[in-house]
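Take a look at this single chain, the form predicted alone, given in structure tokens.
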Amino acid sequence: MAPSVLTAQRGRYAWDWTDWAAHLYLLAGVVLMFGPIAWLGLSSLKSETGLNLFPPTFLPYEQATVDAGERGKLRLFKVTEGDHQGETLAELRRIGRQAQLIDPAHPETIIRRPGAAREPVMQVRAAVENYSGLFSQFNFLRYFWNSGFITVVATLLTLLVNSMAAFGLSKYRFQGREPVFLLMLATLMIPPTIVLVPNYLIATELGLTNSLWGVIWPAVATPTGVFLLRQYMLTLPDELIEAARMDNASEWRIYWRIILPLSAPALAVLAIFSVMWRWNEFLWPMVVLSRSEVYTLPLALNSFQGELTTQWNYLLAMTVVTLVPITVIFAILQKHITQGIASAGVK
């Protein structure tokens, strides 16, 4: 399907100007959407010196080196002026404006050239040690486990609690149902920072500070999730529920065996929303968690930024690893997202 879309044209025998305009528009959209992601991924493969290059490069360039035996690894330069113009030499040392160079093939001869008369030899090299260093220098697996545990448990509880509330608000008729639903929607207008202090006081009284459960429980019930699932459940025929009741099915069995399976598209939408919310949540975990062993990945990323220096190569690598789970889950559930969002507003 993709090749046919890319080669489609309005003109019968040749491309019309609208074909060129449409493809240029789509190309610009792809660059704007995926360009920053590609830059982030390639930057995570740059060494610390490669990140400091100016002007910045798209590919992971770094200066080429040569093993000079007892002298260690020396940086390579290309001479641009003088007798050795065009030759690639290794820099032994630099004193003032003068650079002492040697020929790797004849290291006994020292060549002195002005510092401005040479330019560094650059090469493309992926610094994979940025990723391996996450496990050797940082407690990355612990942070990953904390974020994964919070995301999975909070998402499951969010689906359970919100679906039960949506089932009650959509399939049960009781006095005050509409005011309760409107009051729940009104909470969407309250900024999260307003309830930050009350939530923290409650978490402190319950002993949930510096605990992963202290991050999970306050975010289980969400008005957005209840609204999304309720609107979808309104489209489910009531005859199915009446038929199940005639067969002496309990209300819990109706909810578990009929409502939940039929609400799978809306549940998939809420699931990916919940995963994104919990995985990327920063403000509440920063308030309720103060010990580094219970940090989530966003808090760990923030802690990497030092007062004087920041190890950007490790920070970028950790950012890429943090984005991978969200991307995988979105790819798995994306086929349900459009269907679920469209169906949630039918009735």
Partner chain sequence: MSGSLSLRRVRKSFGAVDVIRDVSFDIRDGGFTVFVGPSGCGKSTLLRMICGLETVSAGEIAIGGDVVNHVPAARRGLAMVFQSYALYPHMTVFQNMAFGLENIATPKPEIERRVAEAARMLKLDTYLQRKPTALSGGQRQRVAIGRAIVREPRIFLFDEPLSNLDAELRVGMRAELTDLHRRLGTTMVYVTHDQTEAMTMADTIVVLRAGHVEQVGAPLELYNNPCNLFVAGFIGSPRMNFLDGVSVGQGAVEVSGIGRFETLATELPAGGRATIGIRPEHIRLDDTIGGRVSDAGGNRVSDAGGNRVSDAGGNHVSGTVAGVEQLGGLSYLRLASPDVTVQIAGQTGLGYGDAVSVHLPPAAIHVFDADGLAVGRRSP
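Just so it is clear, the model here is predicted, and its values are computed rather than measured. Positions refer to the first chain, counted from 1.
Another form exists, predicted together with its partner chain; not displayed. Remarks below refer to it.
- Highlighted residues E242, N248 and I258: every one comes within 4.5 Å of its partner chain in the predicted bound form, counting any heavy atom.
- Interface residue among R142, R253, K73, R94 relative to its partner chain in the predicted bound form, by the heavy atom within 4.5 Å criterion: R253.
- With the partner omitted here, the residue from L234, V152, L212, L262 that has a non-hydrogen atom within 4.5 angstroms of its partner chain in the predicted bound form is L262.
- Just one listed stretch, out of 78-86, 127-135, 234-242, 94-102, contacts its partner chain in the predicted bound form at the 4.5 Å heavy atom level, and that stretch is 234-242.
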